[in-house]
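Presented as structure tokens, the chain that follows is alone, the form predicted alone.
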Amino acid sequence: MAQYEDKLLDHAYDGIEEYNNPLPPWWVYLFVITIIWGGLYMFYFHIADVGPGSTDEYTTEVRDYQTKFASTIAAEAGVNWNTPNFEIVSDKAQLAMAKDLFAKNCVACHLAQGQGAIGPNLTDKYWIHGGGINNIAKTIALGVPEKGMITWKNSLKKTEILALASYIISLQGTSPPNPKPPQGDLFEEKK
């Protein structure tokens, strides 16, 4: 038990009496240290403005990221997704990588065989935003935010987007189970 002699306080409410049990000294000291620490923290970061604030830390991290990946960012910045002139990827290793990318990123909306769920069916010749390597790569890169498709150019490299577009083209003509009805316009590749 406590080292203190328990004493009844000289008040009672509804017949309930209260003992005088002080808090343990270690708890009181810890509470006082916490209050002092909070005051010092507030002074250092907010009043004296000596330490870096959250905005400064964010700006530093973004600058470090841009410096670290400057070559990649510069290479990707040179891609004009609005007027592309791309070639279909036929390398088996890249198509296998694209199949993995499709499984990781696209299956949630287009299902495993491209038959469409939330997103459109990718196995027919009807396209909402145009078919062919250029239109598909542009749609992947720029996304369709108003319909829920995110922009992938910030997450995937140009080579990955082109491989993914080529993989999607390879899905055309397949017969998956329960395909979503055609959406968009019939697309015929110009020769």
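Numbering starts at 1 and follows the sequence shown. The structure presented is a predicted model; accordingly, all values stated were derived computationally and were not measured.
We do not show the form predicted in complex with heme C (HEC), though everything after this point is about it.
Residue (of Tyr126, Phe31, Tyr58, Tyr44) lying close to heme C (HEC) in the predicted bound form, criterion heavy atoms within 4.5 Å: The option sitting close enough to the partner is Tyr126.
is_contact(Leu122, heme C (HEC)) in the predicted bound form, heavy atom dist at most 4.5 Å: Within the cut-off, so yes.
Exercise: Ile136 in contact with heme C (HEC) in the predicted bound form, heavy atom 4.5 Å: Close contact exists here: in the predicted bound form, Ile136 approaches heme C (HEC) to within 4.5 Å, heavy atoms only.
Non-hydrogen atom contact Gly130 with heme C (HEC) in the predicted bound form at 4.5 angstroms: So Gly130 counts as contacting heme C (HEC).
Exercise: Lys68 in contact with heme C (HEC) in the predicted bound form, heavy atom 4.5 Å: Contact check for Lys68: no, nothing within 4.5 Å of heme C (HEC) in the predicted bound form.
Contact check for Ile140, Val144 and Lys147 against heme C (HEC) in the predicted bound form, heavy atom at 4.5 Å: Yes: Ile140, Val144 and Lys147 each sit within 4.5 Å of heme C (HEC) in the predicted bound form.
Contact segment among 46-54, 59-67, 33-41, 160-168, judged by heavy atoms lying within 4.5 Å of heme C (HEC) in the predicted bound form: Residues of 160-168 come within 4.5 Å of the partner.
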